[in-house]
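In structure tokens, one chain follows: the form predicted on its own.
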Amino acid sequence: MDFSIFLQLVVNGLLVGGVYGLMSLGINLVWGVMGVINLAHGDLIMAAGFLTFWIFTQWHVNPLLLLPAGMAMTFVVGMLSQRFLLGRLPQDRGAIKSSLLMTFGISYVVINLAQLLWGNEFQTVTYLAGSWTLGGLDFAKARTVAFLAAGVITTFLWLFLQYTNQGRAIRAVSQNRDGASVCGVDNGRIQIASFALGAGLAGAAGVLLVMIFAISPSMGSGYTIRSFAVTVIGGLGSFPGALCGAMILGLAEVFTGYMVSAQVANGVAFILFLVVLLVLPQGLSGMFRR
């Protein structure tokens, strides 16, 4: 492989990986705080993407300006789901199994609503065609803008978790739920806020991903698998690990698509997921703690 082609593939992989990082942070946050795997995560990404496509098609609004709308829609869905559905499940040994079934039901509802509203066709947002050239490398405009936007949102999330009272409460619950409760943290409210925030991050990723890839109502499960694969690669509950895992997945997909085929590249997330579970069950963060 020519070295210039190798560098170009690295650039493409990192640009996609940045958006994958944002996509995975939502599912990582929900797992860290609640111990719940949200099977509807990818479908919320898909729904936000379709909302962006619809508004862009109808009124030609800049997709970046639709980030608040996509995040608000999925934030509300997440908040209501936790408040009235997941929050009512018994907190016993069967809690994880019950939450999986509940989020699967939410996923099914979102998919069918998307099919009812927008049909089953693939759709995309044709925004910022072409590329910028720097140092002999091409930076696709849509991917670069999506990468930068994902970086800004990720930075704001980190600042929120580090320097706000609500963010500190979320981190406290993720580290020790009982200890946080003793210190006066309302676990119920934090769980609602965390699930809603995770869903909001999924919405932001959906707005950005529809600028890069075509979407359809059936693609939500693929985004869920990618998000969970990134989380497992980086280590469950690890913020830096999720970002590293996203870059690894982005690079793996781009190189596989170039060297093998796009169809095989779509299954790379599942392959990496299985390999990491077998070789490094605690992910990259577990390796660094050794």
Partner chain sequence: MGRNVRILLVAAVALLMVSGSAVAAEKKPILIGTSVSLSGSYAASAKYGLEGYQLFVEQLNKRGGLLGRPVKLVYYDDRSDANTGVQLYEKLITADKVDLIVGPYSSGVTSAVSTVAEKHKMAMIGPEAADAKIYMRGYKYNFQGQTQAGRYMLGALALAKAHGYKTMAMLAEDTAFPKAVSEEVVKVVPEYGVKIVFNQTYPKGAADFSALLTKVKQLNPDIVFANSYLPDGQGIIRQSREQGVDAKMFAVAVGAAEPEFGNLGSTANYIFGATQWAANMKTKGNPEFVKAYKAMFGRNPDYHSAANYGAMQVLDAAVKQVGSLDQNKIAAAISKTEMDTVYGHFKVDGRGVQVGYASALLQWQNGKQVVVWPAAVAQGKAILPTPPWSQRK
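C-alpha atoms forming the largest set that superposes within 1.5 Å between two forms make up the rigid core. Positions refer to the first chain, counted from 1. Model, not experiment: these values are computed from the prediction.
Note that the form predicted together with the partner chain isn't included here; everything after this is about it.
Heavy atoms of Gln263 reach within 4.5 Å of the partner chain in the predicted bound form, making it an interface residue. A residue is said to contact a partner when one of its heavy atoms sits within 4.5 Å of a partner heavy atom; Val254 meets this definition for the partner chain in the predicted bound form. Looking at Phe122, you'd find a heavy atom of it within 4.5 angstroms of the partner chain in the predicted bound form. The partner chain is not shown here, but in the predicted bound form it comes within 4.5 Å of a heavy atom of Tyr258. Heavy atoms within 4.5 Å of the partner chain in the predicted bound form map, among the stretches 212-220, 69-77, 199-207, 150-158, onto 212-220 alone. Counting a residue when any of its non-hydrogen atoms is within 4.5 Å of the partner chain in the predicted bound form, the hits in 128-144 run Leu128, Ala129, Gly130, Ser131, Asp138, Ala140, Ala142, Arg143. The Cα shift for Gln263 between the shown form and the other one, taken after rigid core superposition, is 2 angstroms or larger.
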